[in-house]
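One chain comes next, on its own, written out as structure tokens in the form predicted on its own.
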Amino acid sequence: MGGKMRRRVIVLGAGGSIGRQTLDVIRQSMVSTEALELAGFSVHSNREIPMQLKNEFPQAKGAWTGDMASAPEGMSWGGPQALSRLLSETEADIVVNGIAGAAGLSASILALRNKMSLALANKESIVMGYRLLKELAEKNHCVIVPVDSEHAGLFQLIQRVGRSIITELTITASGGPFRTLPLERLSSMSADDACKHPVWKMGRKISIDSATMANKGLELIEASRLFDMPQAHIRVLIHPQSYVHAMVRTVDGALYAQISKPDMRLPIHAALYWPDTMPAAFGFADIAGKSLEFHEPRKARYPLLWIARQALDEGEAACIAYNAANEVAVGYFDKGNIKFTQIADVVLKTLEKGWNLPVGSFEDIFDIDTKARKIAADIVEYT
């Protein structure tokens, strides 16, 4: 970090899982390095978090992005322009984007346009628009550091091993709560069942995505985009213990792994301090006595992983459609309108509509996203 200069941090989605764990990292910094400072935060629906943060971090500016009728007192901004004002009127060095879903892309654009680096947990930003985000970051002399545990692991390994001698990337998956469930029972599983993740504590959308492995499909697309690696050279392995988050294979055939306890605070810590490596109170892994298993995922159980590979082959617009259709299908499933196994059906049928479309601007991305959502919703409605 260089001397005692503090890095000012804005946390988007402070009430969510990533947001809360980022605040833990900042708190730990306050009693150790004093290198991180909360400059601002956004909250969408949790009224208790803003009041707590205003007491704990009185200098931090707050933006309420949810319903104004339920906005808590003391927030700096509220309403449709709250996020824009937070990012344009707050001095900060890095933004942790923990906003869930496609809405996170707009926040990523705003952060980079305001010349702040991104610690990016919002995988949709990368899936939908990484090429354009990267161009924007380079133009404004910012960096994009991944926070997803798998991509953070790959990022660290590539930094240490060197991109030029790496021939293969591997990301791991827990397999979700239905990993050993008989296939014939999948269609009867409820959204609450899907949210009972065996390892990670996450929000409902990403928990359901973990059960279908759509999240791993999105992460496959992310890895290809972030590290400029053809998807044929990216493996996904089921690793129930969730200690090994990523591996790289070098030209001599050797594998190098990033291993830590399944604690998201470690990749967040690494991103906030990057390019330095600092002591952390999170993620220490003792593998003595541990059995670490790795299995190939089965297409019959996790079709959305194969559909993601298909989208990657088809191009940027298809990847945007994959994400949009999955988000719509998960929403219907969470409300009990479709079966668990129909999520993949909706995404596949949406991709069959053809997505050979140009992606030259962020407006193109949002147009394709809107079109795909309508198609996915129509598929559900008329099924």
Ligand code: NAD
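One-based numbering along the sequence shown. Note that the structure is predicted; figures quoted are calculated from it, not measured.
The form predicted together with nicotinamide-adenine-dinucleotide (NAD) is left out here; the points below concern that form.
- This chain lacks the partner; the member of 350, 326, 65, 29 within 4.5 angstroms of nicotinamide-adenine-dinucleotide (NAD) in the predicted bound form by a non-hydrogen atom is 65.
- Of the listed positions (285, 278, 199, 103), a single one reaches within 4.5 angstroms of nicotinamide-adenine-dinucleotide (NAD) by any non-hydrogen atom in the predicted bound form, namely 103.
- The putative spot formed by 44, 203 and 206 is fully lined by nicotinamide-adenine-dinucleotide (NAD) in the predicted bound form; each residue has a non-hydrogen atom within 4.5 angstroms of it.
- Partner contact region in the predicted bound form: 116 to 124, out of 152 to 160, 189 to 197, 240 to 248, 116 to 124, criterion any non-hydrogen atom within 4.5 Å of nicotinamide-adenine-dinucleotide (NAD).
- The shortest heavy atom separation between residue 270 and nicotinamide-adenine-dinucleotide (NAD) in the predicted bound form exceeds 4.5 Å.
- Interface membership of residue 9, defined by any non-hydrogen atom within 4.5 Å of nicotinamide-adenine-dinucleotide (NAD) in the predicted bound form, is ruled out.
- At least one heavy atom of residue 98 is located within 4.5 Å of nicotinamide-adenine-dinucleotide (NAD) in the predicted bound form.
- For the chain shown alone, residue 213 is not a contact residue for nicotinamide-adenine-dinucleotide (NAD) in the predicted bound form, no non-hydrogen atom being within 4.5 angstroms.
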